[in-house]
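The form predicted on its own is given below as one chain in structure tokens.
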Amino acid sequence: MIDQVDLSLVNWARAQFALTAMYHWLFVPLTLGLTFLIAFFETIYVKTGSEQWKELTRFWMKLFGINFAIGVATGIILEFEFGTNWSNYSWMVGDIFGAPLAIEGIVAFFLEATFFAVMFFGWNRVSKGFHLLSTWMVAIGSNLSALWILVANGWMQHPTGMAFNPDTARFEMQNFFDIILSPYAISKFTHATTSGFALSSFFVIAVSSYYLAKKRHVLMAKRSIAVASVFGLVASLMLAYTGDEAAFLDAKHQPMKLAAMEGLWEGTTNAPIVAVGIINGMKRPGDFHEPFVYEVKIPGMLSLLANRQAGSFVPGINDLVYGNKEQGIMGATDKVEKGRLAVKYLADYKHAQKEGDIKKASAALVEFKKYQQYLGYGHLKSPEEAVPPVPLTFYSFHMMAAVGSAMILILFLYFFYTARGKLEEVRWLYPVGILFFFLAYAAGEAGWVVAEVGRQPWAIQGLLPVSVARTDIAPVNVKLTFFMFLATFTLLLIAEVKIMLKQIQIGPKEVA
């Protein structure tokens, strides 16, 4: 018997978490990449002794500081929401999920905060070498913070290193190193950080292009672009590589997400990639509607990228919902049936324990363990609920991939013309660089939509649906805080943009 769930509560809790996460990701990427760019700038200053490089470093440091302060505020709220809106989740997996977040706060954030003050206020108060060390420590600390958060997220995508305790109904850690060294944890960290590096490079390029267009601070702008274009080009190439690895992992461990990303409803050999497509919004699992209104395919590419084998079979949404015996694929239909047996036998076990019937409890536990791996599916109302929102996942993925590919070209052009000393002659490139700063932001947000929306309905892939993970509170409380956060975050964003624009307008201190 499946518990009745207030879907309005679940959806509002989802919306509030998505709101906070997406606002948070407006600030985090700049923190991840800008710290390293600042460290590169200051390293050049220390090696050359040039006051121009020093002022250049201090200018970008001011913009980083504005962004950092607001990013911390949204991050703290995001972590608190696990307790306020997702208390069942926190109870069931707190033993695992809390560990990397605790390390992030105790080690990484402490490291970052310790050297932050020296980086900002230590100019001319400490030696050049120690100040440079502090700047590098802030860069490393910022990215270590991201590491532990992304380890936690990677575990949600592919749970490992744990076991379910039927006595407490909790997932408990068994091997910490299995969690932190999970391929998903590594993939999440490398893909998210390289995304931040690329976006930060475009931020520096956009501001510097503005100066070149206005013929202000020309030397500073050219020097900034010289460093940012190299850093960004390397990061964008790594971003493409890590994105391919992420999709490969999805094919192995989250095939439903991959199918939604490509709008693949019927599994096939020699599966194509849809280069461009318009989704048919009427399409549902098991029906006869065409998946696309319009599509342009590249034959065979999805099989090659998903399985590293040309002509191989890639399961579609219908295979994953209803099964495919020929390919040995168990569908969600069978998993839901087995999951409901797991729910039943777990309840029988708990009841027998309460009654003191050891024999009955032992028998129920034996039966439970037969179906334990499908426990999460037992809370789904129907097999079709295992399908994520296909149009949103599809469009987000394709927008991210298209922008990511174009970013490589734009960064190469900035690097090429800078290396040839002709950057001031290609003024048409300046508005393109500014535009791609905003497109890079959109692609980064779209990437998180793919990662999180694409794995719905799961809070923990295959183990815990969001309908079970939620807190049992009145929906009006979540609605109220949603709009409170929306107003607060929007005001903070407006304030940051105004302060940033004012600081950019002032520009760096000119040094003769």
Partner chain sequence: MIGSLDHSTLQQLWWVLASVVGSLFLFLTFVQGGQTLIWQLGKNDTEKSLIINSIGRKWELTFTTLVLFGGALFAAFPKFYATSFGGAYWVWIAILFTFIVQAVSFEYRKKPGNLLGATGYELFLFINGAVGILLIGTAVGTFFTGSNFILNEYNFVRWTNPLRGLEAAGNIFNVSLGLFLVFNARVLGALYLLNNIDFSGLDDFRQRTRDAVLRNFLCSLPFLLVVVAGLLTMKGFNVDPVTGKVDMVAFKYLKNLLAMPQVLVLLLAGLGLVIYAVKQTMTKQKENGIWFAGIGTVLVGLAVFFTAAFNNTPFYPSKADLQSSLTIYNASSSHYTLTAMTYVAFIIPVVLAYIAYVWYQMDRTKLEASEVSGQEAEENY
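Residue numbers count along the first chain shown, from 1. Keep in mind that this is a model prediction, so the values were computed, not measured.
What comes next is about the form predicted in complex with its partner chain, which does not appear here.
In the predicted complex, segment of 340-348, 260-268, 434-442, 390-398 with a heavy atom within 4.5 Å of its partner chain
After filtering at 4.5 Å, what remains is 340-348.
Three residues, F313, S405 and R420; all within 4.5 Å of its partner chain in the predicted complex via heavy atoms?
Negative, none of the three is within 4.5 Å.
Under a 4.5 Å heavy atom criterion, is Q309 part of the interface with its partner chain in the predicted complex?
Heavy-atom contact with its partner chain at 4.5 Å: absent for Q309.
Should G286 be counted as a contact of its partner chain in the predicted complex, where contact means heavy atoms within 4.5 Å?
No, G286 sits far enough from its partner chain in the predicted complex that none of its heavy atoms falls within 4.5 Å.
So in the predicted complex, does M92 come within 4.5 Å of its partner chain, heavy atom to heavy atom?
Heavy-atom contact with its partner chain at 4.5 Å: present for M92.
Although its partner chain is absent from this view, report whether F68 comes within 4.5 Å of it in the predicted complex, heavy atoms only.
Contact with its partner chain, yes.
Please pick, from E79, E245, E355, E425, the one residue with any non-hydrogen atom lying within 4.5 angstroms of its partner chain in the predicted complex.
So the residue touching its partner chain in the predicted complex, by this definition, is E79.
If the cut-off is 4.5 angstroms on heavy atoms, which of these, R223, R170, K297, H253, is the one near its partner chain in the predicted complex?
Looking at R223, R170, K297, H253 one by one, just R170 meets the 4.5 Å heavy-atom criterion.
Heavy atom within 4.5 Å of its partner chain in the predicted complex: which residues of 119-144 qualify?
Residues within 4.5 Å: F120, F121, G122, W123, N124, R125, V126, F130.
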